[in-house]
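What follows is one chain in structure tokens, specifically the form predicted on its own.
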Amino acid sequence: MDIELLYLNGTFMPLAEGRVHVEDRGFQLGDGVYEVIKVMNGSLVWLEDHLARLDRNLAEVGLSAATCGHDLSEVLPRLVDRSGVGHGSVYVQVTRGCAPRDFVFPRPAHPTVLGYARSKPAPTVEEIMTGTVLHPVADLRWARCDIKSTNLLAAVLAKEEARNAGADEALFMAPDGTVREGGSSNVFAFLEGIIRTHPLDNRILGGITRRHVLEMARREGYLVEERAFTLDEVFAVSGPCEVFTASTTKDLLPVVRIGPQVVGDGRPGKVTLTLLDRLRREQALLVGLEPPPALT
């Protein structure tokens, strides 16, 4: 049985007993960054990659020293082990800490560092083969989406709009019709024999799963381009067409519909499922599990 355990500023405690000051800048100003790390078989998947991204994001917001005294590469595995989580995720958040409310940085800052683990099942084979539906929304977020900030109201509203439209995920669209990314996922398309996804810039998050998928696709011999695409390209292509999302907690999900329009033949495509098979196998071997049966 899982134990909901919290790591807060150097102390382990029951999650329900965790307390953060009302003037914590993460609470009042969204002044912080976060990470979500997948747990499989009681192990953290690609932990080093996630911690490197956390360090990068902390530097981007002037919090480079925030985790000094918190060896997260040692703390987080302990947290998972003590929580008893076999499959799920770890949430990590670092804020500028408690200070009288003001927009300028407090000097010195007293950062808040926290993390907790929670069980959550991976998508089932049935869910994968059913496919996912995206709902296009105008991208009204701030211009630093490369920072994994706790300022998530735009994504919250976009995902709620998607749910109300009967979709599974929001799809952020640029004013020129370019596909940027999902509400909490990166988005890929297989068009005219090429796997494409939006290039890394300030408009999308550099997803950890995104990077591993690109590396894996190249190893498998696919043509890969970090080049944005539009929905017009998706629906106008005459040959095979696939779209899929990539995220830490859901791996790859084949997209079968975007808005009212069906993608390809409305079924998960061979390229998507092949990449997902490779990803599932790689992750299973990484954490000491037998690879699951292939989807293709």
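Being a predicted model, the structure only gives us computed values, none of them experimental. Each residue number is its position in the shown sequence, starting from 1.
This protein has a second form, the form predicted in complex with a small molecule, left out of what is shown; the following refers to that one.
Residue contact with the small molecule in the predicted complex: V39 places no heavy atom within 4.5 Å of it. Interface residue remark: N57 is not counted as part of the site for the small molecule in the predicted complex, having no heavy atom within 4.5 Å. Among heavy atoms of S83, none comes within 4.5 Å of the small molecule in the predicted complex.
Taking the partner from elsewhere, S184 is found to have a heavy atom lying within 4.5 Å of the small molecule in the predicted complex. Think of it this way: in the predicted complex, the small molecule has a heavy atom of just one of S64, S43, T230, T249 within 4.5 Å, and the residue is T249. Taking a 4.5 Å heavy atom cutoff to the small molecule in the predicted complex, the contact residue among L214, A109, L205, V113 is L205.
Across the options 66-74, 48-56, 265-273, 24-32, residues that bring heavy atoms within 4.5 Å of the small molecule in the predicted complex belong to 48-56. For a residue to qualify, one of its non-hydrogen atoms must sit within 4.5 Å of the small molecule in the predicted complex; none of R144, T150 and H198 qualifies.
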